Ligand SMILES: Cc1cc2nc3c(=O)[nH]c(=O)nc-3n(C[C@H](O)[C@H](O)[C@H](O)COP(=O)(O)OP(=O)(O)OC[C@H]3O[C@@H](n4cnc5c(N)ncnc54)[C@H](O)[C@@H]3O)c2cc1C
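Before any questions on binding or motion, here is one chain by itself as structure tokens, the form predicted alone.
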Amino acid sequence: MRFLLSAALAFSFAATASAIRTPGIQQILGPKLSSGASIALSSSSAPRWSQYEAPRAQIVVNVGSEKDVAETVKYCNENRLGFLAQTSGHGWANTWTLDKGDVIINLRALNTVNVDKTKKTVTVGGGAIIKEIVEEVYKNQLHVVSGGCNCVGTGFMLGGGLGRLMGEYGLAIDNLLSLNLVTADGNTITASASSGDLWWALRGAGHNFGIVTSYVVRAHPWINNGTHWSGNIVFSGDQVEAVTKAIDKLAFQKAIAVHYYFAVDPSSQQPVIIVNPFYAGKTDDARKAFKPILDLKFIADTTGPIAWNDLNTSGDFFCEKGSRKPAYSAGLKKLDPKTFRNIWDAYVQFIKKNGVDKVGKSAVLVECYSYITARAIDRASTAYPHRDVNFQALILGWYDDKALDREAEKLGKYVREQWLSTSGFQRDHAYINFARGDEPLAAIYGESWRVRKLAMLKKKWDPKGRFSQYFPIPAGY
């Protein structure tokens, strides 16, 4: 009954939104916005990273200040319009319910990054992307926990915030000091450790409780003068079991992280295995730490010293917007070699059947991090429920032809089932930043006590479900 009611409410809002004349927003909201803001009547001014099941909203408010965000939320509330705040539009969930008459709040212009080198803090605008943050922090000879994709925005952190340096410093949310937030009623508040249960909820389920206009995080001194070790080690398909076993058995010290891929090599146009190791420190120490992988028979090895601010550059092709990119994921306790053989075979068959020219950007990715520091923090102290997960696995379809949706969905479901069947967990885990949207709430938000607590807080802070687009938590679950 709860889900039927939610669906009915979503339909009601959509129907009302469609009846609103779109010029009205320019005439009524426009004069209340700052000189740096604008309103567009096409979503092309704030494109999504994936067109697969993307939000349908066609009205975009390009905000220029925190006050603009608050005024836009109030306008949407008064006119019963749905809304979604975005920076880079990378969220690939299928939980969107926006209709064409609803609103995208584009935060991208709020992209300031201010470093206080003395206090070792960084104040970040809600529209900043990781590349902007990393570059400014690096200039000041500091590090922060950041994601592995240069073009991702604040949502990375609200879901927990995995990154290469989390072995040293914990999750991104573990380094969060405060958030400036626009609430469901359009008010502005600052949330911090003194904010009680709201602070708990924002760190792991923040998308459900407000729009972040800026935040402050803890920064850390350079490791090895800002020079780390990384690169790609490439293997052929016959090494799947050996590579999987080596990564699973790797001693994940604080300095270590690994990104493990199945992808199509652009030179040979053939599927290959890519291991992207990372070590926060010196080359000699790195090569010792990764000896179990380096001892395997590889095709190529490009590893070597690299500046911290250049680590994500090799993955910049992932920033390309558009196309259709359905994703399926699972959190794993262990990597099962036989499972990865099955997935490799299915992935290769998918590429072969549909053609490199059509689906060759599709990939399988497993993010592997050290959780030493993250697990030193009480699991119950934040809403993030996955500190016991060792590996975050994801399969991403990538193509332009909508007719390939069924093939990609079939592969995605198969791969996810393979992972879940040998995950090593009794219940499913799905990292919200990677999840699809068809998972049960417990897979996203954790144990029943967590879901109940989030639902109670949702009832308090967003009783009308205004923040309901990204893995919505029902009020009063």
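All residue numbers are counted from 1 along the displayed sequence. Bear in mind that the values here come from a model prediction, so they are computed numbers and not experimental data.
This next part talks about the form predicted together with the named molecule, which is not shown.
- Only one segment in the set 418-426, 30-38, 448-456, 47-55 has any non-hydrogen atom within 4.5 angstroms of the named molecule in the predicted complex, and it is 47-55.
- Although the partner is absent here, Trp96 is a contact residue: one of its heavy atoms lies within 4.5 angstroms of the named molecule in the predicted complex.
- For His207, a non-hydrogen atom is located within 4.5 Å of the named molecule in the predicted complex, even though that partner is not displayed.
- For His90, a non-hydrogen atom is located within 4.5 Å of the named molecule in the predicted complex, even though that partner is not displayed.
- Using a 4.5 angstroms limit between non-hydrogen atoms, Ala280 is distant from the named molecule in the predicted complex.
- For the candidate set Ile211, Val73, Leu165, Ala201, a heavy atom within 4.5 Å of the named molecule in the predicted complex is found for exactly one residue, namely Ile211.
- Of the listed positions (Pro385, Pro271, Gly147, Gly170), a single one reaches within 4.5 angstroms of the named molecule by any non-hydrogen atom in the predicted complex, namely Gly147.
- Taking the named molecule as positioned in the predicted complex, the residues of 149-186 that bring a heavy atom within 4.5 Å of it are, in sequence order, Cys149, Cys151, Val152, Gly153, Thr154, Gly155, Phe156, Leu158, Gly161, Leu162.
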